[in-house]
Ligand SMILES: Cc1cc2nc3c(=O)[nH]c(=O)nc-3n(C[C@H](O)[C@H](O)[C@H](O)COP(=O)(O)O)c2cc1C
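A single chain comes next, written as structure tokens; it is the form predicted on its own.
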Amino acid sequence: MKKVLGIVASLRNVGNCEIMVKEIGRGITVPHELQLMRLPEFNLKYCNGCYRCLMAKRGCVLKDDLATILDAIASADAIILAVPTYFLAGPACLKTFVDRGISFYSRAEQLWGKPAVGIGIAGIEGKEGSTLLDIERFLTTLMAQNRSSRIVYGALPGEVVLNQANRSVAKELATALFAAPQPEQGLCCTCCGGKTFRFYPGNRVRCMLCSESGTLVTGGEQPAIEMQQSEQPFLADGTAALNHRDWLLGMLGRFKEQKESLAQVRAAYEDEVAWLRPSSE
């Protein structure tokens, strides 16, 4: 019996995100148990950049629900992520979670390669903005294997399954979750599989998911992208992720060596200026 974790990034009860996770779950033919979690219900503090998670085997030292979320993900056999579109992007809870990604390295062996699919929902066709990229970033940072991620459209609660095409997408994702991985179709980053690029003069491109650079080749029957992997391709595979962890640990060593000189630089900016602070409750 497979354990499938559905991560719903919307607070709307029985909304389109929740419905699509359940629709995908109903299409999975492998014996499974579906469990859901509503990501914005959990207390996730902002990363404070302390880097102590690299030195602590237990991961992040902040006292919140991150460990609870990671425990649920680590114990699952597969993941379904559903994301609403808020103002041309996924909601803030996704980025708050991803910002804590350095602490995921302490659990890399439990997280790496877990099969996952993502579904984004937008109310207006073509107005999903960066939602698909946000889904890919979430799953890739989580070290999951993104089998397929799609965007569907539906504005009113429940409307998303009134469209038969959306139901077909759910069926496709259900099949992809436990099927053998398929090669990426169309233009995609050969380092991370991302499909969103920034284009520069001279046919230069940069992947907006992993930030690796490459070249757009247009001479053949179909355009293609050839990537040139950098020295820090930390989203490429498990080895690259662990190499990046070692690089970050090396940066901690550099900080210790330069701590006194850096303190002098910072002291020059300790002058008092007016700060706006939150009002006390």
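This is a predicted model, so every value here is computed, not measured. Each residue number is its position in the shown sequence, starting from 1.
What comes next is about the form predicted together with the named molecule, which is not displayed.
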Report summary line: Heavy atom within 4.5 Å of the named molecule in the predicted bound form, from candidates S106, N166, T85, S149, belongs to T85
Query raised in the report: Can we say G15, I121 and A155 each have a non-hydrogen atom within 4.5 Å of the named molecule in the predicted bound form?
Result: yes
**Report entry** Contact flag, R198 vs the named molecule in the predicted bound form, heavy atom cut 4.5 Å
**Finding:** no
Requested in this report: Could you tell me which stretch in 141 to 149, 207 to 215, 183 to 191, 86 to 94 has residues with non-hydrogen atoms within 4.5 Å of the named molecule in the predicted bound form?
Outcome: 86 to 94
